[in-house]
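Below sits a lone chain in structure tokens, taken as the form predicted alone.
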Amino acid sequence: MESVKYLIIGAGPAGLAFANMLKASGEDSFLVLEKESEAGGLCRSSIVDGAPLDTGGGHFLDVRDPEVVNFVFSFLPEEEWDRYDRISRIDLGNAVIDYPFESNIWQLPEDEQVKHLVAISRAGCNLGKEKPELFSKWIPWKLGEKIASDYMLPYNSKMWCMDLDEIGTYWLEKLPDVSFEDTLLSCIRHSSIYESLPGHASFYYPKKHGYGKVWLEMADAVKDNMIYDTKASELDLDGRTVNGHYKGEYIINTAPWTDFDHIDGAGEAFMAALQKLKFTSVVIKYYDETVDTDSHWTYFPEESKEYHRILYRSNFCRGSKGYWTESNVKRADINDGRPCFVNEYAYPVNTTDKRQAIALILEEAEKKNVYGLGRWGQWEHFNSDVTVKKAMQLALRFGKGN
């Protein structure tokens, strides 16, 4: 049995950030187990057609948290990054507008603007109607029937490929009500409602590499504490062991809870909660033609298109051409001859009962000194910057921060 104080499962952003926080504090009794031959998780990159391509989808370093940014820059210095002001759009098939939709209705043809204005004026949230629980009813209640039918419902249907009413609405509560008055003024003035984008308004991307480069640097910084090609198959909560061979005083799990073949020491409620955790798989597919657009990425709700998003890498990755698409694996043709990458675990799904399920899992595990961390350990759709922040905060809980 190989024993350490901190046994970390997974060398994605969460596990690597936590491991490096330990090292920076002077702690050396830790071990990182990674099932792949390379670190980075969903943020890995590969060279495709002579330039980096992010094989896990579009990932960028948000600028908004200086503590996170400075931490990341300690592994890949700031001068190695380009900074961009985000340009993203929504392609409706017959029109293309800036993201977010509700802020840029003024960019649509006038007859479409009128239809949206009427729908927004009749939205349930603007009429004081009771908030519905079902996702398919909540979206038009919140945004109006027109935004719901033209964008939000078809886009989510493509992305999740499941009954939308199995998805909760709690994760959308941060969306502001769409004001009829503000939207009308926006259409008259030809300007956006919101002053800034809700996320990744500005972001960094490496000048000479894919986004995976920074995580390789983090892994190299703790290389003496890394073990690759080792899947965490068996987790014993009571003994705090993995695969019957690695033992930790504390276990930090950043891998999907559903990816363990066997979990010992878990009660019936824990195992029942585990069955409620859902996820989607995404296919990344590369196209070598360069599109004439300044957009960094564009969303596609149109049902006829396989993919739900395109990332135009030549607009943020120096020296590259072409673009890649993101598609739910249930919609993707992976045998069409194009370079593609299948990510089994891409997005946790915010099902109606997910919050209760993951709360029970995390609470029961923590009682046994096993902690969930990151997108999969906490089963939340965290971007990489948020994941790093969570890792830094957990390290501080253990008194292992700088």
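In this text the structure is predicted, and so the values were computed from the model without any measurement. Residues carry their position along the shown sequence, with the first being 1.
Unshown form predicted in complex with a small molecule; subsequent notes refer to it.
Trainee: Sort through C43, I361, L53, V370 and report the residue having a heavy atom within 4.5 Å of the small molecule in the predicted complex.
Mentor: Among C43, I361, L53, V370, a heavy atom within 4.5 Å of the small molecule in the predicted complex occurs only for C43.
Trainee: Find the only residue in K285, H209, K231, K247 having a heavy atom within 4.5 Å of the small molecule in the predicted complex.
Mentor: Of the candidates K285, H209, K231, K247, K231 is the one lying within 4.5 Å of the small molecule in the predicted complex.
Trainee: Hey, of 97-105, 217-225, 126-134, 248-256, which bit sits against the small molecule in the predicted complex at 4.5 Å between non-hydrogen atoms?
Mentor: Going by heavy atoms within 4.5 Å, the stretch is 248-256.
Trainee: Is there a non-hydrogen atom of P339 within 4.5 angstroms of a non-hydrogen atom of the small molecule in the predicted complex?
Mentor: No - in the predicted complex, heavy atoms of P339 and the small molecule never come within 4.5 Å of each other.
Trainee: Contact between N20 and the small molecule in the predicted complex at 4.5 Å, heavy atoms?
Mentor: Contact check for N20: no, nothing within 4.5 Å of the small molecule in the predicted complex.
Trainee: Any of the heavy atoms of I9 lying within 4.5 Å of the small molecule in the predicted complex?
Mentor: It does: once the small molecule is placed as it appears in the predicted complex, I9 has a heavy atom within 4.5 Å of it.
Trainee: Tell me, yes or no, whether A391 is in contact with the small molecule in the predicted complex, where a contact means a heavy atom of each within 4.5 Å.
Mentor: Contact check for A391: no, nothing within 4.5 Å of the small molecule in the predicted complex.
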